[in-house]
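What follows is one chain in structure tokens, specifically the form predicted alone.
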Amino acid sequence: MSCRTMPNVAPHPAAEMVAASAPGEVRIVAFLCNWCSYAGADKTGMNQLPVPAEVSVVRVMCSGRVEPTLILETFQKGADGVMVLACHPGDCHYKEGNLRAFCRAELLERMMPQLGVDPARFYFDYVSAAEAEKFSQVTNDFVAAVRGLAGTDSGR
């Protein structure tokens, strides 16, 4: 039995967020660590800094919980780009989740060309709760980069 034929397996909610995006716009899914990156995104909003509307945020308890299969599933469901933003090294509430996320991100970036996905469509970085400006900058830069790639609705 393959994963495709398994009964009672619901798609991950992040994949459903991608499917609900309007056609014609760049679809970016950002997995944010609850303790640092999500707080940084919240502070970005409080400071009224610009964040692209194309970014759909998925709040996770730890970036170390974001499996490469979830990222690939998100691409499979139609995301044009996927971001994973983690706590800085040494700041993880679960001690080493961000380091696991970094290792997984490096491995995934090496595998992506073999799977037919441009590694430029994936972005990993560290954003703390105090880095609202950095959150705004990395999201705007990544959305602009994905818009420029071939194969996206806006880049065609």
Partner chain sequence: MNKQPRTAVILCTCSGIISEKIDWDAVQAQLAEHPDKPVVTTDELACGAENLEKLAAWLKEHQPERVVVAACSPREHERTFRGLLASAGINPYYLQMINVREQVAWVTADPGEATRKAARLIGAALKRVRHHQPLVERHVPVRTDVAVIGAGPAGIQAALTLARAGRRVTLIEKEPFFGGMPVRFEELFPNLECGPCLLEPGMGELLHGPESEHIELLTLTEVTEVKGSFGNWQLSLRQQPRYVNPELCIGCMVCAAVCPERRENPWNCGGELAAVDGPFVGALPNLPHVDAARCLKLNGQECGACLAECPVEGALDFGDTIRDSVVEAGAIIVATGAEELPVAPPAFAGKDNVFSAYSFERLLAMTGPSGGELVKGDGAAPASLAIVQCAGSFDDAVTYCSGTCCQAALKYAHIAAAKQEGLTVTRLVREQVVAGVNAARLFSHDHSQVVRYGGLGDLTVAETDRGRVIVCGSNGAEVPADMIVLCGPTVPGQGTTQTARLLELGVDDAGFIAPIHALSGSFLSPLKGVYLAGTCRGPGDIREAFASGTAAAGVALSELVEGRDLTVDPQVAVVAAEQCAGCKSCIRVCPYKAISWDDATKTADISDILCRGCGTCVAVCPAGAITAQGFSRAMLRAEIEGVLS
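Numbering follows the first chain given and starts at 1. Quick caveat: nothing in here was measured; it's all calculated off a predicted structure.
In what follows, reference is made to the form predicted in complex with its partner chain, a form of this protein that is not presented.
- Relative to its partner chain in the predicted complex, residues Ala86, Asp118 and Val127 are all farther than 4.5 Å at every heavy atom.
- Its partner chain is not shown here, but in the predicted complex it comes within 4.5 Å of a heavy atom of Tyr94.
- Its partner chain in the predicted complex comes within 4.5 Å of no heavy atom belonging to Glu106.
- Contact between Arg59 and its partner chain in the predicted complex is found at the 4.5 Å heavy atom cutoff.
- Although the partner is absent from this view, Gly45 contacts its partner chain in the predicted complex, with a non-hydrogen atom inside 4.5 angstroms.
- If you take 30-52 and check each residue for a heavy atom within 4.5 Å of its partner chain in the predicted complex, you get Phe31, Asn34, Trp35, Tyr38, Ala39, Ala41, Asp42, Thr44, Gly45, Met46, Gln48, Leu49, Pro50, Val51, Pro52, in sequence order.
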